[in-house]
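A lone chain, given as structure tokens: the form predicted alone.
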């Protein structure tokens, strides 16, 4: 089905309000999820809602949590997210990091024990809007691993995303590099399961370590409480040993140095999605003049984009440009959601005593 973003926004708001989220928290989370869909990141969009609702019912995800400041050394701060909704927790923590950075010029910030933060590029964009550079390392805990280390046949990591965002001159969109250190986000495999589609070569391996195109090899990981007749496989790391190395440092920086934990099995796993994130926020004006930075950056970008394209009508694009093109298209033409994902969202709403017909209004 194709649904208008405003209608989808209204539907999703009803679900978060039913989970007792405040109006402001509901606005932040809903905007985050719908924007992810608009930008083509359906893996991190409204399809996550049934998982959040399930975790809410299980009392391992909580509304209206203000991140708790647990360490404060002026330019080095740590927050405990207290299992709150990650989009809200991270938004509030990043706001404080931005305020500190404007004062000190540099902030190193940890957020631990947060619910799923969603599309990490959101927080890079949040910093870039304030003319700040940011780097974010994230790990995933509280559930079984999904990504195999390079050369391994069993999963040992989460998808462990990294984001780097660079502001540009006034009224010019920032450069936002946002990627999972796995070949693909697990949410994209969830979408493939719901659509009944096969996966491209090189994304996953089965339980024996052999290449597979069947998304259901990850079914037990995605839907841990549902029975599956297929043994659990693993997602492969991005760029072989390079992605493996980056994922390892997401565990070290995002997991340990944020004050959180890593995915190693000595920690209790409740079946939720917990993110820990370490962020470095930089005010470039403390290092170089804005005029020289912007001038050099724009010359660099022009030089890069002047490289002749390998494909007709498909020029070189910067990180984040394709997402903004997708956003413009989907704002105009609507967001495509497969029937199974939409049905899961409706059932999640019904579990909160919201009548199905009212969700469709």
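Not measured: the values here are computed from a predicted model. Numbering follows the first chain given and starts at 1.
What comes next is about the form predicted together with a small molecule, which is not displayed.
Proximity of residue 188 to the small molecule in the model of the complex, heavy atoms at 4.5 Å: Yes - in the model of the complex, heavy atoms of residue 188 and the small molecule come within 4.5 Å of each other.
is_contact(residue 178, the small molecule) in the model of the complex, heavy atom dist at most 4.5 Å: Contact with the small molecule, yes.
Residue 86, heavy atom within 4.5 angstroms of the small molecule in the model of the complex: Residue 86: no, not in contact with the small molecule in the model of the complex.
Residue contact check: residue 69 to the small molecule in the model of the complex, 4.5 Å heavy atom: It does not: once the small molecule is placed as it appears in the model of the complex, residue 69 has no heavy atom within 4.5 Å of it.
145, 215, 243, 118 - the one with a heavy atom within 4.5 Å of the small molecule in the model of the complex: Of 145, 215, 243, 118, the residue with a heavy atom within 4.5 Å of the small molecule in the model of the complex is 118.
Every residue of 140, 275 and 320 near the small molecule in the model of the complex, heavy atom within 4.5 Å: The answer is yes; 140, 275 and 320 each reach the small molecule.
Options 36 to 44, 292 to 300, 305 to 313, 59 to 67; stretch whose heavy atom lies within 4.5 Å of the small molecule in the model of the complex: Stretch with heavy atoms near the partner: 36 to 44.
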